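The chain below stands alone, shown as structure tokens; this is the form predicted on its own.
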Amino acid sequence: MFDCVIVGGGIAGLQAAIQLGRYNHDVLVIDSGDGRSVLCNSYHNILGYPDGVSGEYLRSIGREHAGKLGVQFVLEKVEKVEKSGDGFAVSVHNGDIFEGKRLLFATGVMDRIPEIPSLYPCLGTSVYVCPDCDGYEIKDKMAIVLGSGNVGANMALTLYYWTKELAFVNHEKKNVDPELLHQLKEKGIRYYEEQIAEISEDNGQLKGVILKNGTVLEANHAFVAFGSNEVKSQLAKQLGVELLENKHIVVDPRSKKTNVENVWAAGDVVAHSEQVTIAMGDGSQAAIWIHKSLLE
């Protein structure tokens, strides 16, 4: 039985694994390999990386770091989590079952992104999802919001802080409240209720967007805002972990402990601002309190 099983090998999960490894605990990280951080080709707001760093690179050096501390890894999708004796049994897709005295959910969030292949090489480099992370990247530049309904309209209005040259493409043609449409018009934000036909890019650099009606929008930067992102808290729910209406996990702010004994949560799946730097802090904080509980 492991001292702790961490479900999710993204930024929060890896930081927790490193901290627990430094406590000499037996730790297992189970990761499906398809988390949000895999998609981001460059984070720009992280201490020590002024020119940006990819999520995959952070994950790679994180796994290497944790591995040197004795942390074990399994690349699999967790299907079921249940209480087992004094700990927990974690079942993965291939039928294997792993047991842990403590459990940490670092399962994250997955953004809803349209299935346009040429969009993915741009994620993090010229197409972004978070205005707090990357609003600075479009300062005084032309930018397009690729979105849906009110969510996209609100993103465009948020980005107006950074640039006045904005266009919002309502790809799904969902309803936009009249008040929001009025604000878009008032601020001079161009509005297109039309599907995206093609994304033009060159080696991860956005060149423009072609709409199905033939309209061509030239820009080197864009934001995605479709809403209804998937909060991956289904496994935590199996154990009776308390969730908010938006499905984020409720934790104690100090310890990151959930309402279920010996279960913690960290990172984007927790109810707070979704940031890599916060996920790192969450992971460390959870690990410290997991260690304290193991000493007891």
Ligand SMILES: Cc1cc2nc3c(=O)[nH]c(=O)nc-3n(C[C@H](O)[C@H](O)[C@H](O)COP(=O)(O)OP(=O)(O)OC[C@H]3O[C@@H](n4cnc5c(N)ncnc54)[C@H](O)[C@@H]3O)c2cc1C
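Since the structure is predicted, the reported quantities are computational estimates derived from the model, not experimental observations. The numbering used is simple: start at 1 and walk along the sequence shown.
Unshown form predicted together with the named molecule; subsequent notes refer to it.
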* Would L235 show up as a contact with the named molecule in the predicted complex if we use heavy atoms at 4.5 Å? -> yes
* **Partner proximity in the predicted complex: V7 to the named molecule, non-hydrogen atom cutoff 4.5 Å** => yes
* **Residue contact check: G240 to the named molecule in the predicted complex, 4.5 Å heavy atom** => no
* Is S284 close enough to the named molecule in the predicted complex to count, meaning some heavy atom within 4.5 Å? -> no
* Structure fact -> Only hit among E165, E193, E76, E198 for heavy atom within 4.5 Å of the named molecule in the predicted complex is E76
* Tell me, out of N262, S255, N45, S54, which residue has a non-hydrogen atom within 4.5 angstroms of the named molecule in the predicted complex. => N45
* Asked: Which single stretch, out of 175-183, 205-213, 157-165, 101-109, brings residue heavy atoms within 4.5 Å of the named molecule in the predicted complex?
  -> 101-109
* Structure fact -> Applying a 4.5 angstroms cut-off on non-hydrogen atoms, the residues of 22-37 near the named molecule in the predicted complex are I30, D31, S32, G33, D34, G35, R36, S37
